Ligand code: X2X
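A single chain, nothing else alongside it, follows as structure tokens in the form predicted on its own.
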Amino acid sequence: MKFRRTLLGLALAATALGFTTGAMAQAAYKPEYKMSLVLGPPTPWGMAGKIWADLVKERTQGRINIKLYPGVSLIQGDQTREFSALRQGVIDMAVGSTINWSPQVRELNLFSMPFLMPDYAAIDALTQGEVGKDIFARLDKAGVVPLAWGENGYREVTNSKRPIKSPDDLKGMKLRVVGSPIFSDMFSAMGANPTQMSWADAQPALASGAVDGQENPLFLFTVLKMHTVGQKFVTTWGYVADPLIFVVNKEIWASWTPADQAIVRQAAIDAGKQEIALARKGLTESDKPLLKEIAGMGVTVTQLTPAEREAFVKVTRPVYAKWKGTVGNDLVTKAEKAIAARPK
């Protein structure tokens, strides 16, 4: 009874001093919130974080200030630990990769299913539809608050040896891949020798010739000047794409007023739309100027014909079948149907 009277007294005192519930909550806000990113500006991924942070600061009149930590520096550069650190509160918020978080949330492997998404309309059919809602529900259950989608883009393959036009061209080629088992399965099925390593280790390995090639979105090719580390051949095959997800730690989210939650959510949605346009720039135009820019670096750019692409689809079907059960048969089937029904 005494405790209840104390609480009542505090509430009355707050009212007498002119505080509202929102103001009291605001007083508990942190001076700065930590946002984790793998890449910083000027990459589209880094810009996603910057645009989001800037919009939030502006729209909350500085109540919520966000500092960017690119290079996943809050967790010593180990991007595979990012999702766990988010749940634990080491990280307040992030724009993260479906690939990097897939070891903790198996449904995120959906986007790494080989040759599932043939075009950008297919990506949109998933992220902006019922499949995207299902994945957000799963992320919420896993311990974070998902707000919006961004995009890291289609991952294309580069190497120092030869043009890649068929699975035979990959035979024996040593390729750096991300630390997700489905990628090792895919490249093994295509006859390559996949090697998992961090990007920090990959760059010197490419430069020395210890590794022949790698796969990543093409904006990284120009930003990192990959032609200077022996990458003389690029093949665009669109075998997987990597959507990004804007998320907030649950305790941080609960500490904000509903009005500020709404601002942060809408800012994430707006930032995501802007970032997706940045990620697709140079690749969705009919003349694909980004490919011309890469070719201008003395690089041989190969764009697969539908028949050539189909040969890669065929050899990776066993991997697709294996991972369909891991991701979830119902979710993959729903994704297949959404893609089949997409506007073309």
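We number the residues from 1 along the sequence you see. Note that the coordinates shown come from a computational prediction; the quantities given were computed from them, not determined experimentally.
Unshown form predicted together with this ligand; subsequent notes refer to it.
Residue in contact with this ligand in the model of the complex (any heavy atom within 4.5 Å), chosen from Asn109, Asn249, Thr127, Asn216: Asn216. The partner is absent here, but in the model of the complex a heavy atom of Val178, alone among Ala271, Ile135, Val211, Val178, sits within 4.5 Å of this ligand. Only one segment in the set 167 to 175, 147 to 155, 83 to 91, 257 to 265 has residues whose heavy atoms sit within 4.5 Å of this ligand in the model of the complex; it is 147 to 155.
For the three marked residues, Met113, Asp185 and Thr316, no heavy atom of any sits within 4.5 Å of this ligand in the model of the complex.
In the model of the complex, this ligand lies within 4.5 Å of some heavy atom of Trp45. This ligand is not drawn, but in the model of the complex it has no heavy atom within 4.5 Å of Gln231.
The closest non-hydrogen atom of Asn100 lies within 4.5 Å of this ligand in the model of the complex. Heavy atoms of Gln79 reach within 4.5 Å of this ligand in the model of the complex, making it an interface residue. In the model of the complex, Trp199 is the single residue of 180 to 203 with at least one heavy atom within 4.5 Å of this ligand.
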